[in-house]
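The chain below stands alone and is given as structure tokens, in the form predicted alone.
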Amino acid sequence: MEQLKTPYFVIDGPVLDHYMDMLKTSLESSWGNYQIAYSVKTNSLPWLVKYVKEKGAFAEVVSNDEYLLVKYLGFSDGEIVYNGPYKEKGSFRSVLLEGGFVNMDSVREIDWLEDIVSENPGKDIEVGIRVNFNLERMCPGETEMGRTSGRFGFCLENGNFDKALTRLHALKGVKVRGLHLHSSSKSRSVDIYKSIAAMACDIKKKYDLDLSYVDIGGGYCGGLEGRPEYPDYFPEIAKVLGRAFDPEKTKLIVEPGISLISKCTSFVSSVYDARDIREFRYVMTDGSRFNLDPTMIKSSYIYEVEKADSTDRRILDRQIVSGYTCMETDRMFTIEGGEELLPGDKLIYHNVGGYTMSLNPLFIQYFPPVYVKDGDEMKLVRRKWEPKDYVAGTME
């Protein structure tokens, strides 16, 4: 196989197929009436967005730019789930009127809805509403925000959810048909999703809602040994939802991102220099922490080393593996008591498909290429950006 110039991302096509098939099979056997809505923000690579569309997924978007992207890539308004606090009124109106899924997130969106209702008398409109609830109380120590609340949706505990529901019920022709209950967690445990499902049941019963869908969101684990996979989540979610919902009448919407794409994606970089400064050995690579961990929160990486040759290597006390940028913080990890890394060696990082591509900055290097691998075949699905790509659309 031809040696490719590093750095680059590579998506393993058969592994991606495996996880998509696992997701669909798990949902089919657990609930049956479901809709996958791929989280575009997690990785908006056009090839990938088109791939999930071909597999029957809708697009879950959280901004007007993402909306325009998926429309450009062939999604209809009816194949879009519109979430988040940063919607724009024009795309909000389009998805709403064309039968897509719009989950109301703020008071300003109810204001928009009132305008749309007045402009479209006699039009039946179905909406969802995002619930902000205290998941930490249900799953202590497992949520992303802990005792500090999340910042999305209408708060159940302080009465804002009730107020929003009252306003929506008062609008002629508007029916609240969905609940959106996504909540970020650290644990990504099955119990998190059972608790979310239980909350959906409680809200349906308390407010006597006739719901055509429950959107349980994303954030699932995927591809990590000893952690849950799709077949662990959905049977348990279905058991809980079944207490209050009939799968014949209520669709389950899921929004996978990391769990679908991370396991099948790797990042390949090369060592181009090694230098000793005082007692430290620095290994310089053509990849960067910005490619792997743009939010600078990771403490470890799943990686392997591919040696350039079979030369006998010294064992070094400490090697600090670093990126190509001029930022001193661009250091990935330290190897203690390992074989010496030399120029030409490759470092291959695994499980890096979620958020890394979308959050890559245009800093010192432009976007790296992306390949899709199937056996020995490597298909280029995004070439490395060049100056003409960066300059395109700028003022002359």
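From a predicted model like this one, the values you see are computed outputs, not experimental measurements. Sequential numbering from 1, following the sequence displayed.
The form predicted together with a small molecule is left out here; the points below concern that form.
Participant: Of G323, G128, G219, G100, which residue is found within 4.5 angstroms of the small molecule in the predicted bound form when only non-hydrogen atoms are counted?
Facilitator: For this set of options, the contacting one is G219.
Participant: Consider the chain as shown here, without its partner, and state which of F367, Y51, F333, Y355 has a heavy atom within 4.5 Å of the small molecule in the predicted bound form.
Facilitator: Partner contact (heavy atom, 4.5 Å) among the options: Y355.
Participant: Classify G257 as contacting or not contacting the small molecule in the predicted bound form by the rule of any non-hydrogen atom within 4.5 angstroms, answering yes or no.
Facilitator: It does: once the small molecule is placed as it appears in the predicted bound form, G257 has a heavy atom within 4.5 Å of it.
Participant: Does H350 make contact with the small molecule in the predicted bound form, using a 4.5 Å heavy atom cut-off?
Facilitator: No, H350 stays farther than 4.5 Å from the small molecule in the predicted bound form.
Participant: Within 4.5 Å, heavy atoms only: does H182 come near the small molecule in the predicted bound form?
Facilitator: Yes - in the predicted bound form, heavy atoms of H182 and the small molecule come within 4.5 Å of each other.
Participant: Find out whether any non-hydrogen atom of K55 is located within 4.5 angstroms of the small molecule in the predicted bound form, and reply yes or no.
Facilitator: Contact check for K55: no, nothing within 4.5 Å of the small molecule in the predicted bound form.
Participant: Which of 39 to 47, 359 to 367, 26 to 34, 342 to 350 has heavy atoms within 4.5 Å of the small molecule in the predicted bound form?
Facilitator: So the stretch in question is 39 to 47.
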